[in-house]
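Structure 1 and structure 2 below are two forms of the same protein chain, each written out on its own as structure tokens.
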Structure 1
């Protein structure tokens, strides 16, 4: 069988790009593949203020820098969404919709995607009022009334970013109070923001195929209310992108050891796709470095 690469890195977010750079610098024949633009979730971040070496940098700028470094290192970049990984004798066969690669080792760095609320119409209204990303879609709703659903630090970060653009912003939370974090006071003191507590969204209404209003239900009083708005930004947790690989997982997240090895010899994983405590750029990059070096050792 013809070998295409020593190692194929799946996913070009910070974890995958770092793994590929380490492999290339160890003189390995490595390629990286992604079904989307390079940078992964970085492309959704307005401002990063906790990544060492940069007091403040936008996510797309950091993604651009990482991608430039990948190109400076002449890493082979492929476009495609991986659908299956199969073991055949000593090789892994990795398939996308259009291509098949045979490789000695695989690094999975496919991250995770936002979870939908599971409401009727939700999929059809995606990009037509429903969004998961303030930095990508916020400017579409300039001077409009919008809502966010969720109660994580990320929700509050996104809310503060969006208040610079929109006229009015509601945060719908099912809890009594907003999450305790350093942003809570800024949210409470912002006159454009109203928090609707003890509530869930039960229905999405549309006009001309665009979101026009939401129905929210107070879970304490059981009273429902319709709110007219232009957009709903959803922050409802995440689903790891691991459907194409049959390895040991916990709630869909890939289980690895300290060397980023999965339970399948020759398959490594790193970044947001793994089962861990801290989901950040710095941890993704660190795990990418370990996965790259360990995959290089495995080839030996």
Structure 2
């Protein structure tokens, strides 16, 4: 069988680009494929202030720097959306809507997408008051009034984190009460937090191209209220991009070991697509490095 590459990296976020760079520097014939712009979720982050080496950098700028490094290392970059991966003998056949590749190993770094609320202006306000990451963007709203939407343990964890930064915090939930967990009492007893239950957000208002207020509707009374604030953090859940691969998963996230190996020999995964505790640029880069090195060892 004619091989196109030693390794094909699927996904061009921080994890995927890092894995490809490590493989190229190990003198492997590697290509990276993605149907979107390089950088993944970095392109949705207005400002990053917790990535080592940069006091402050925008997500798109960091993505551009990583992509330039990819090009400096002469990594082949392919555009396309992977539809299927099949194993044939000791090789893998990776199919997109236009091309088919045969490779020795595969690294999946397709990340995950936040589930949006589906409101008008939502996409335009990303990075301008709308955020999906408290750790990434919380410091931008010091001493401001903000809101969170969602009712999960992750939402409550982020709420408690944000209370160290903001002056006032609203949690908007469509349920009658907050989710039962060990953080519930801490939320209820925190003087900075107000829970607005039985409610949904129906509209986002902007001023100078930035979020200025939200319209909240009580689903029991049908009454609406406008609330002025500086930011809305959405925790409507995430959807990992794993529909094209049949491997061991947990809630859609790929399960890997410490070497970033999946349960399919020769397939590795890294970044936000895997089942883990912390979803940050720094962890994605670290996992990409491990996946690249382990894939290189696998080929040996």
Ligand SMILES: Cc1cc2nc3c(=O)[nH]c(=O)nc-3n(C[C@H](O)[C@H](O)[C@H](O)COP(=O)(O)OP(=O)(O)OC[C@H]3O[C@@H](n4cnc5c(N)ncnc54)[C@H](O)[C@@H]3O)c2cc1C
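It should be emphasised that the depicted structure is a prediction, and the values quoted were computed from it without experimental measurement. Numbering follows the first chain given and starts at 1. Each form is matched to the other, and the largest set of C-alpha atoms that superpose within 1.5 Å is called the rigid core.
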query: Pair member that is the form predicted in complex with the ligand; finding: 1
query: Large Cα move at residue 232 between structure 1 and structure 2, threshold 2 Å, rigid core; finding: yes
query: Rigid core superposition, residue 83 Cα moves 2 angstroms or more between structure 1 and structure 2; finding: no
query: Turn of the lesser rigid segment against the greater one between structure 1 and structure 2, rounded to whole degrees; finding: 55
query: Cα displacement of residue 198 between structure 1 and structure 2, core-superposed (Å); finding: 3.9
query: Rigid-core-fitted C-alpha displacement of residue 116 between structure 1 and structure 2 (angstrom); finding: 4.8
